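Given as structure tokens, the chain that follows is alone and in the form predicted on its own.
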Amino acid sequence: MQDGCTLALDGVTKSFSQGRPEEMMALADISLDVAAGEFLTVVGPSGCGKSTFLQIAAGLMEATGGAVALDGRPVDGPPGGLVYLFQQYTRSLLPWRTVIRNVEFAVEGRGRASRRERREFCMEFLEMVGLADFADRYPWQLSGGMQQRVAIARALAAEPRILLLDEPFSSVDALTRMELHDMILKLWEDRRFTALLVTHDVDEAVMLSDRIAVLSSRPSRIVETIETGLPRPRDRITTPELPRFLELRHYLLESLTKPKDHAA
């Protein structure tokens, strides 16, 4: 796998007409740099445009103004090396394909000529997410958390240089969410792709990130970016008990419920 890549958003704005004469401004002058191999999370109030922000970063939606660049090259559509992991895993998986065939979908047409080569390659990623024994099952035969693991395995099989995560853990139960946190952290530490996550979950943001960018309410602007300063590797039991974790959690919850104009 290649090293992670840089992502830069410069003065990005987005407005929607919604069929009315006046436009609704969703994003206003968003500028953000994500370093190669960094794990950066974006948080903000509900409805502030986090998913819109991520879709523009991915080249899935056109900005009204500003620019997006991946490794210094303009993004005007989904670029090679970028993979987008959706929240709704039940819609992202192909129900008529087995688990292994879902993962193989990420590599079809990419130089592995034989079915056997593709299967062997993709089985490595199912082993990473603990689903090698379920390779020949269908998505509908798995739990929600297992389905999301399949989606993560497929994303990694595409060998991303940058992985964009659109609240991918929000639709599973609390225990499964913690297990998925552990898994994505281990995979990121092993493979060092660049990761950009949007979430409404403050604990999740603090647990996973190197830095956290805080969005204001609509029209969204980046109010501040915060270095988490938490040691790695992280542990689901001990990390949330650290004074710095608790300090950040308190600060972010207060910032999101009672917006401020100062930085941490």
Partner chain sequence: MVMQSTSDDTLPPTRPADAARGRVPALGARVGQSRWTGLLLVLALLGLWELSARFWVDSANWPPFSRVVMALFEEGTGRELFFVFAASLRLMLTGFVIGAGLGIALGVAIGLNRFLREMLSPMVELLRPLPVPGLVPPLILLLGIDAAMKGTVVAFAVLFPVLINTAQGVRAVEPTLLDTARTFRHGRARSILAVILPASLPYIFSGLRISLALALIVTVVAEMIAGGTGIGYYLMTMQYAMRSAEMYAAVVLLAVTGYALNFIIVSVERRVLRWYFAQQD
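Residue numbers count along the first chain shown, from 1. Source: prediction; values computed, not measured.
Although not depicted, the form predicted in complex with its partner chain is the subject of the following passage.
A heavy atom within 4.5 Å of its partner chain in the model of the complex is found for one listed residue only; from 185, 75, 158, 178, this is 158. Of the listed positions (128, 135, 146, 106), a single one reaches within 4.5 angstroms of its partner chain by any non-hydrogen atom in the model of the complex, namely 106.
Listed stretches are 207-215, 32-40, 223-231, 53-61; the contact stretch with its partner chain in the model of the complex is 53-61, by a heavy atom cutoff of 4.5 Å. Within this chain, residue 122 is remote from the site of its partner chain in the model of the complex, having no heavy atom within 4.5 Å. Though the partner is left out of this view, residue 93 does reach within 4.5 Å of its partner chain in the model of the complex, counting heavy atoms only. The closest heavy atom approach of residue 88 to its partner chain in the model of the complex falls within 4.5 Å. Contact annotation: residue 82 falls within 4.5 Å of its partner chain in the model of the complex, judged by heavy atom distances. With respect to its partner chain in the model of the complex, the three residues 97, 140 and 154 uniformly fall within 4.5 angstroms at the level of their nearest heavy atom.
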